[in-house]
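Shown next as structure tokens: one chain only, the form predicted alone.
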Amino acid sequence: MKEIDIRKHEVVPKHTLLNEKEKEELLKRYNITLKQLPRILASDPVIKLLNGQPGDVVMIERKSLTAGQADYFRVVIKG
């Protein structure tokens, strides 16, 4: 049976893992630490597909009726 890529479903927003430079720029821009970011579990189906590891930061791009697109950031934790 063929495995389905859930990232292609219309209700799943785009997830992108940030590289180290992008992660540092994000933390500097908002003057925060990783512990201050909302969390997402490494066992999340999309994070598993992206091969996300604890400590990685993921950007989630959601469609917004008022803003067009809203970006959310999460730090990957064990789980």
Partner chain sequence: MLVERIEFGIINPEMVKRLAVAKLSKTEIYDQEGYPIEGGLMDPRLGVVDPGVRCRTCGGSVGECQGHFGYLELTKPVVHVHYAKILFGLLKLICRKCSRILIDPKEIEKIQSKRLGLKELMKLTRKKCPYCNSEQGKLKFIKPYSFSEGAELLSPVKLRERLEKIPNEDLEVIGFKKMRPEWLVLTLLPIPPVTVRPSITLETGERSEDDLTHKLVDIVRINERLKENIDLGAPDFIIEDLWELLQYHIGTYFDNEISGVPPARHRSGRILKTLSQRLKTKEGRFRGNLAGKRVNFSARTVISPDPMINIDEVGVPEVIAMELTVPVRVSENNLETMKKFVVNGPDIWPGANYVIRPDGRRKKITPQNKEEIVKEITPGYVIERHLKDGDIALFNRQPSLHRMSVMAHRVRVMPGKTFRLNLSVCPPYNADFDGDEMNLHIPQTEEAQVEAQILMSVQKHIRSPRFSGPIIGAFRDQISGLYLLTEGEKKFSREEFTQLIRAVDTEIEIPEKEYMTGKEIFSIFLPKNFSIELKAKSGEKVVIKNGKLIEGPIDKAAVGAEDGKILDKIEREYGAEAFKKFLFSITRLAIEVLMKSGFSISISDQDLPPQATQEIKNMIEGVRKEVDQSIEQFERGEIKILAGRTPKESLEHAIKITLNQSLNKIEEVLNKHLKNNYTLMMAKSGARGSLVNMVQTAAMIGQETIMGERMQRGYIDRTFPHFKKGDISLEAKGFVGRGFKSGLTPFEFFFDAINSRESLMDKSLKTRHSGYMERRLVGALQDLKVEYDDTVRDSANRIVQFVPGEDGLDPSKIERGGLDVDRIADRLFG
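Numbering follows the first chain given and starts at 1. Just so it is clear, the model here is predicted, and its values are computed rather than measured.
Form predicted in complex with its partner chain: not shown, discussed below.
Not displayed here, its partner chain is kept clear of Lys14 by more than 4.5 Å at the level of heavy atoms in the model of the complex. Interface membership of Gln36, defined by any non-hydrogen atom within 4.5 Å of its partner chain in the model of the complex, is confirmed. Of the heavy atoms in Ser64, some are within 4.5 Å of its partner chain in the model of the complex. Its partner chain is not shown here, but in the model of the complex it comes within 4.5 Å of a heavy atom of Ile32.
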